[in-house]
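The chain below stands alone and is given in structure tokens; this is the form predicted on its own.
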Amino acid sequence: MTTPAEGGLQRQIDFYVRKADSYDRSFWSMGQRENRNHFKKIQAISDALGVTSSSTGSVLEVGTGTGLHAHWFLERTSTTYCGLDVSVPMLAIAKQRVAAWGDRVRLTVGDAQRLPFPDGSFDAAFCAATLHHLQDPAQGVREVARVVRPGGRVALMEPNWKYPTVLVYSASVREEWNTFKINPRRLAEWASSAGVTDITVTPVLYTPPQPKRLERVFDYVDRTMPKVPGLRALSITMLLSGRRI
């Protein structure tokens, strides 16, 4: 007999099996997911982890998907990258995307709520738009923190349902409904309970990735909005960063 939790996990797996081939091209990404906003988000994650172009060490991504983040880290840093995902088809695409980096990258199939790594295995770990797909996102946060060495950095990025397009998408796709259960306060509580300290939760991005001719305007808006009380809460995503105790 399948439990509700097992049924929910299988529904998420099936969802990403169906989406794998089209995941990097969608209406919601305004074409290709590999766009300005994607790079802004991963840069924010990299900054939160303290990873620079000269960084070495090891980075884990929980929910690596098709490997866009993996490609970014491998191309721009000297870190070793480990990516985990529950979807075999998504990881197959990621494997092709990062094949050039050989021994610097490891991809594995696994459950974000039961990571197959010993405590303190990585110098840093992150997930992006992964927690709201879990039956128990707090457990997912505990696992991300557990596999980071003491003093290592943790970053958790999630979509913000207060942003209009995120609201519409999250309401219309069953596998996205848990987005409504996540907010900055709850993220911080989960991280603190998982042994993460020096916690900050910041808004990331307010503008669409297109059209390119408006990028300077978009950059100005993205810099300005976090300074405006009330409006700062309407970002596309939110990013928690902290340090493992």
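Residues carry their position along the shown sequence, with the first being 1. Note that this is a predicted model, so its numbers are computed, not measured.
Although not depicted, the form predicted together with a small molecule is the subject of the following passage.
- Not one of Q43, R104 and D123 places a heavy atom within 4.5 Å of the small molecule in the predicted bound form.
- Of the listed positions (A128, A145, C82, V98), a single one reaches within 4.5 angstroms of the small molecule by any non-hydrogen atom in the predicted bound form, namely A128.
- Only one of 147-155, 160-168, 72-80, 107-115 lies within 4.5 Å of the small molecule in the predicted bound form by heavy atoms, and it is 107-115.
- Residue contact check for L134: one or more of its heavy atoms lie within 4.5 Å of the small molecule in the predicted bound form.
- At a distance threshold of 4.5 angstroms between non-hydrogen atoms, R36 is out of contact with the small molecule in the predicted bound form.
- Looking at A94, you'd find every heavy atom of it more than 4.5 angstroms from the small molecule in the predicted bound form.
- The small molecule is not shown here, and in the predicted bound form it never comes within 4.5 Å of any heavy atom of L234.
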